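One chain is shown next in structure tokens, namely the form predicted on its own.
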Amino acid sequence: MGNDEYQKLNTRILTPSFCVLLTLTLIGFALMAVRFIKGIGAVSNMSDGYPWGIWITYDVATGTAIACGGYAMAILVYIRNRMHYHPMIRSAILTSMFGYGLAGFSVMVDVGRPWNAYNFFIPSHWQANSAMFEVALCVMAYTTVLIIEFMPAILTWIERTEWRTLQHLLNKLYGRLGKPAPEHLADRLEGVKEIAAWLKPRLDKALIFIIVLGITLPTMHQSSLGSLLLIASTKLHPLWYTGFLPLLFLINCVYIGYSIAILESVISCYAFKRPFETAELAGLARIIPWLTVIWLSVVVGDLAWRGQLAAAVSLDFYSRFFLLEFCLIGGGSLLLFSGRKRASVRWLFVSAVLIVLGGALYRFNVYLIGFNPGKGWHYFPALAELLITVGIVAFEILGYQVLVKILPVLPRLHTREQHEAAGHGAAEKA
């Protein structure tokens, strides 16, 4: 499989959606600055009882699951050898790269004192028995792996670009500064292209080892995200506290990953006026319900074993959230058991939305809604907390939108009619 599988989207970057996303991003980053200048109390409602709020609950516990599209697709392509899904993997990796990178960034916003971050790289300061340490180590390593996995797209862009715009901008910049442009500027830029051309085949040979790491690391830290709550036996509601938390979190991230791959494909094809990848999405959709059946069976079996089935249907505050989570996942899965609905882009989108919402709600239930530190403690995110989270999500979408227009990320359209239709539709959308 080569780089000819992919192409960039030939349309302008500055669009109305770009401006909206940039505005939300700037608001979020401005509030982050307030957090570091005035302290976390200026923007957050967190407390000693609720030491983590929506930042950790969404950006880390839930956001990394939503960012598992690359992990799930890698299992399908490289473990199950379904290479006809290979053209979809680069966009999934890009989504995962932003999701994991921003999850790590949000931890820095939450914890603060970024000048002490270097301690994490000093082995004498490590606590190897800590599940939180394992999560942090794996998230950092996996983010690095995702960047390396995405490097072929960057190297291909460097190799194919003509540098005319960059040369013009540099000449103009030096002219305004009253300085002559560097000699042999074009030759130097050509040297960069030669380096990219030299590096790309060597990276391709080593990529299989990177992919193995890319499959191993999420398997470790996604289960550890469940292990973190095993120490909260007196604080987490019995509907969610179970020794199966590591297994449930691992399966949960896989079916969310496939559902996100479907959503990303449908939304990007609709937004950029590209033909829908219906056959590939139907294949992904065939896998999801079996994963959710396993997950739901473990949940129900565990509740029955622990005598909590009555609590699950008691319709109190916690039961309602549990049933909502259960119905969203179960309802979305039932739709995907129908071959006719799997062949419909609309039903694929609806079912994927239901499963992602249900899977995300499960993680919210475990990390926030079902977590009760005791009497006298209450938490609801402040407006600034919500806006910072919105800013992080907006930055992720903005980055994806920009990079697919610069780098060869999207699956290549193979016919002239598809190229012309996509190019005309994208220009109209822009």
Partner chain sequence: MRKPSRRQFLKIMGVGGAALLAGRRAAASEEHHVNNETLGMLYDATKCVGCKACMASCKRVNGDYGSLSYERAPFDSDGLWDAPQDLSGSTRTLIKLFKESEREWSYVKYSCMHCQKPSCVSVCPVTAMTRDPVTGIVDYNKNACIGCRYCQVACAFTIPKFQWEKAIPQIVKCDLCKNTNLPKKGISACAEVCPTGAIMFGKRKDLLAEANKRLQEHPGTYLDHIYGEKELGGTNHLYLAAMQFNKLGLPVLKTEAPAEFSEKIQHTIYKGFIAPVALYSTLCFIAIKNMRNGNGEHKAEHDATTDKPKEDGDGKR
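Source: prediction; values computed, not measured. Positions refer to the first chain, counted from 1.
A second form of this protein, the form predicted in complex with the partner chain, is not displayed here; the remarks below concern that form.
- Residue-level contacts in the model of the complex: of 324, 293, 199, 231, one residue has a heavy atom within 4.5 Å of the partner chain, and it is 231.
- With the partner removed from view, the residue among 328, 158, 287, 203 that has a non-hydrogen atom within 4.5 Å of the partner chain in the model of the complex turns out to be 287.
- The chain is drawn here without the partner chain; in the model of the complex, the stretch among 392-400, 357-365, 50-58, 23-31 whose residues come within 4.5 Å of it by any heavy atom is 50-58.
- For residue 310, no non-hydrogen atom is located within 4.5 Å of the partner chain in the model of the complex, even though that partner is not displayed.
- Using a 4.5 angstroms limit between non-hydrogen atoms, residue 126 touches the partner chain in the model of the complex.
- Proximity of residue 40 to the partner chain in the model of the complex: non-hydrogen atoms within 4.5 Å are present.
- Using a 4.5 angstroms threshold between heavy atoms, residue 373 counts as touching the partner chain in the model of the complex.
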